[in-house]
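One chain comes next, on its own, written as structure tokens: the form predicted alone.
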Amino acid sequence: MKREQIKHSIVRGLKEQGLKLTPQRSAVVEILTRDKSHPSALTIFRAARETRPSISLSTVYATLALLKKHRLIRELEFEGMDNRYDMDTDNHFNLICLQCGRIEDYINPAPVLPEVVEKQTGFRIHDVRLEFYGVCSTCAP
């Protein structure tokens, strides 16, 4: 899905849940959909302050929690680095650089589709997270 489509999908999802698209929420959604690096809450906060100087870090966290609760974004939790946020909720691989922390999407069909696993096992899948850890092309010697 293209970034503009994802942005419209998030906005539509908020409205379908009866939630207002406040200027602060709009700023967070805008940053999430233009920054393909899977930003942290602090990165989003700093970028949002450029257009919304009065936005607080707690508002950013609350907005991210709301978007996550309604499955409009994914939170990528890590040990040893800040959690990051992914606006693409479709199943895809994340490529994570162990040197600079950059995260980028690699769109490729999953080796086994969740629907196939559910049908074969009866296991009800709620989420899928596929990651490759290594060194990005910028950090590689």
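Here the structure is a predicted model, which is why all the values come from computation and not from measurement. Only the largest set of C-alpha atoms that superpose within 1.5 Å between the two forms is called the rigid core. From 1 onward, residues are counted along the sequence shown.
Absent from the display: the form predicted in complex with a further copy of the same chain. The rest refers to it.
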property: Any non-hydrogen atom of K68 within 4.5 angstroms of a further copy of the same chain in the predicted complex; result: yes
property: Contact label in the predicted complex: F78 to a further copy of the same chain, heavy atom within 4.5 Å; result: yes
property: Residue contact check: V11 to a further copy of the same chain in the predicted complex, 4.5 Å heavy atom; result: no
property: Interface membership of N108, a further copy of the same chain in the predicted complex, 4.5 Å heavy atom rule; result: yes
property: Interface segment, criterion being heavy atoms within 4.5 Å of a further copy of the same chain in the predicted complex, picked from 26-34, 55-63, 112-120, 41-49; result: 112-120
property: Within 4.5 Å of a further copy of the same chain in the predicted complex: residues from 83-102 (heavy atom criterion); result: F93, L95, I96, C97, L98
property: Yes/no, K119 Cα shift of 2 Å or more between the shown form and the other one with rigid core fixed; result: yes
